[in-house]
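One chain is shown next in structure tokens, namely the form predicted on its own.
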């Protein structure tokens, strides 16, 4: 199996994991805003997902660093640095006593991260499909005769 195929599958799965974690946090904040959850329960649920999100996003960024996909690494690096900064300052957890005061800010913060993760998801899907396209063309060319090989300007 080609290692880039495994890389892009891992990237897709980790990105889906990031999206699920973030959507869960947004739902918890919306439930708190609509008074379906109490502040303690909402904070507990959100705080339980923060560290796994940070670790998964750091692994997502490191995956591209160690595999040599520099452009994708540079796209994911700002979010990883922002998460590291939040963690080092101790601002990564939602405070139960301050949650109503910071509710709109927390929702905006998570919605912006959701948009960023959706862009990452789109980029990873496009790169995965491009890789599969080139893999199919390479397999076809290796199996076909020289007269039947796929060539031409449209491959660029």
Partner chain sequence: MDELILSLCCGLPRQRSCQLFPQLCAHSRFVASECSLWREEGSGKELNQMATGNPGHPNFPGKPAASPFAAAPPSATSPFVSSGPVASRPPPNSAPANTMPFSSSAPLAGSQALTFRPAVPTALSDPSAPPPGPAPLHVPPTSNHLQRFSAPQFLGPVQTPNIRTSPIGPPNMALPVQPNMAPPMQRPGVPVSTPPLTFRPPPQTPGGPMASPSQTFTPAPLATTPPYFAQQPGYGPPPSQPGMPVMQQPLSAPPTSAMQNLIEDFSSLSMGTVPGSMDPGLDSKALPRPLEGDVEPSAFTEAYPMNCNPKYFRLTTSGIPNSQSLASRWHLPLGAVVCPLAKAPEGEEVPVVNFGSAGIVRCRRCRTYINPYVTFTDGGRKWRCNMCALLNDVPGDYFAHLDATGRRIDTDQRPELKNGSVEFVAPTEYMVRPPMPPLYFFLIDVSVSAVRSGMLEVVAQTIKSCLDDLPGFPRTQIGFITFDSTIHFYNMKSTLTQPQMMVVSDVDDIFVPLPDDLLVNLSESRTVVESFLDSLPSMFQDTMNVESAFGPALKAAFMVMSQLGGKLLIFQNSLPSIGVGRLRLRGDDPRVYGTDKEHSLRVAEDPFYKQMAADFTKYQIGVNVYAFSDKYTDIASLGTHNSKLVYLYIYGSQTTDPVTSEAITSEILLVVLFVDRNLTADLRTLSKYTGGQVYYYPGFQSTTQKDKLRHELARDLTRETAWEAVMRIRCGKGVRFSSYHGNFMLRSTDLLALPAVDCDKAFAMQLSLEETLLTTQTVYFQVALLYTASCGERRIRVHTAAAPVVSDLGEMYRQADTGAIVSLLGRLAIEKTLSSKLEDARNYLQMRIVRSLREYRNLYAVQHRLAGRMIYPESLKYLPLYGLALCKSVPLRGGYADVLLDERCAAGSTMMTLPVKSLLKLLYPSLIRADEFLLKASFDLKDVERRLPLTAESLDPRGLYVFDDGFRFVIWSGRMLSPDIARSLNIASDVSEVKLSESDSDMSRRLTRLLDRLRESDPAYYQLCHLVRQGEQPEKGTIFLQTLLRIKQGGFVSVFILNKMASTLERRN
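Numbering follows the first chain given and starts at 1. Since the structure is predicted, the reported quantities are computational estimates derived from the model, not experimental observations.
Omitted from view is the form predicted together with its partner chain, to which the following refers.
Taking 65, 96, 114, 26 one by one, only a single residue has any non-hydrogen atom within 4.5 Å of its partner chain in the predicted bound form, and it is 96. Contact between residue 108 and its partner chain in the predicted bound form is not found at the 4.5 Å heavy atom cutoff. Among residues of the shown chain, residue 122 is not one whose heavy atoms approach its partner chain to within 4.5 Å in the predicted bound form. For residue 100, a non-hydrogen atom is located within 4.5 Å of its partner chain in the predicted bound form, even though that partner is not displayed. In the predicted bound form, its partner chain sits within 4.5 Å of a heavy atom belonging to residue 39. Contact with its partner chain, judged by heavy atoms within 4.5 Å in the predicted bound form, is confined among 29-37, 50-58, 65-73, 123-131 to 29-37.
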